[in-house]
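As a starting point, one isolated chain is supplied in structure tokens, in the form predicted alone.
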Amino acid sequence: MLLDLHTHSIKSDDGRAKVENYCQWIRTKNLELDGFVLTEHRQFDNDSDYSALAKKFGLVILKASEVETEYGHVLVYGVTKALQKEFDFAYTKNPLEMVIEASEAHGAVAVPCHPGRPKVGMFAHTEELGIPKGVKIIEIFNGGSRDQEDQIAIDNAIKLGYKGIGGSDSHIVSHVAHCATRFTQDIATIDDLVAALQTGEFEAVHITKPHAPIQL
């Protein structure tokens, strides 16, 4: 299965895409995508139910979060009510190691995203703060990356032994499915996704640029 693991809807403060419009775009353009994960900024959307849209369009639609730490932005998959009590999802300086530890304690997976990006990427801070403990997966393909940002992520993933995922980081409909992650098993629920990330049986794919899939 091919899933875009990093998308934003109008629920995010800078998102301009409605979830139904994502679905329509994927089907109208016959995109090579089986579904997507909504990773809204500094929150977890407890209220929205996209099951009807998922059924209508034959897509997997899951929910996660993008939180902020002193090392930059981090995607959190498998958010529960209990995990939301562990730290403030709206806070912009959460300690990364705490986010990782709390996520693991509650069966979730924390993944630093666009880590090669200045200011909001993890590797922009490792010289000053050191290599954080607990990181196992990073986003190596990001649809919004510029210059050498993805290459910085790839090089460091190889050096540090991290697995890599891909996500479009879409904020508008036409940017969905630029990058994605391919899984060897079926993913129908967030629990399926978390389990697949934990087993490491996946690969990052850049769909819109001539990159071959990279297995890390």
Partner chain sequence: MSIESISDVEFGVDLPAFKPDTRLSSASTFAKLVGWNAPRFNDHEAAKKEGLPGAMIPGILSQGYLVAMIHNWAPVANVKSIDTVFRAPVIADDDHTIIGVVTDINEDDKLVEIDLTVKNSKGETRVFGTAMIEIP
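Residue numbers count along the first chain shown, from 1. If you're wondering where the values come from, they're calculated on a predicted model, not measured in any experiment.
Below, we refer to the form predicted in complex with its partner chain, which is not included among the displayed structures.
Asks: If contact means a heavy atom within 4.5 Å, which one of 187-195, 154-162, 27-35, 42-50 is the stretch that engages its partner chain in the predicted complex?
Replies: Of the options, only 27-35 has residues within 4.5 Å of the partner.
Asks: Taking its partner chain as it sits in the predicted complex, is residue 21 near enough to touch it, meaning that at least one heavy atom pair lies within 4.5 angstroms?
Replies: Residue 21: contacts its partner chain in the predicted complex.
Asks: Is residue 81 close enough to touch its partner chain in the predicted complex, meaning at least one heavy atom pair within 4.5 Å?
Replies: Residue 81: no contact with its partner chain in the predicted complex.
Asks: Indicate whether its partner chain has at least one heavy atom within 4.5 Å of a heavy atom of residue 54 in the predicted complex.
Replies: Judged by the heavy-atom cut-off of 4.5 Å, residue 54 is well away from its partner chain in the predicted complex.
Asks: Can you tell me whether residue 59 touches its partner chain? I mean in the predicted complex, with a 4.5 angstroms heavy atom cut-off.
Replies: No - in the predicted complex, heavy atoms of residue 59 and its partner chain never come within 4.5 Å of each other.
Asks: Its partner chain isn't shown here, but in the predicted complex which of 85, 93, 146, 133 has a heavy atom within 4.5 Å of it?
Replies: Checked against the cut-off, the match is 146.
Asks: Counting only heavy atoms, which residues in 159-179 are within 4.5 Å of its partner chain in the predicted complex?
Replies: Contacts from 159-179: 171, 172, 173, 174, 175.
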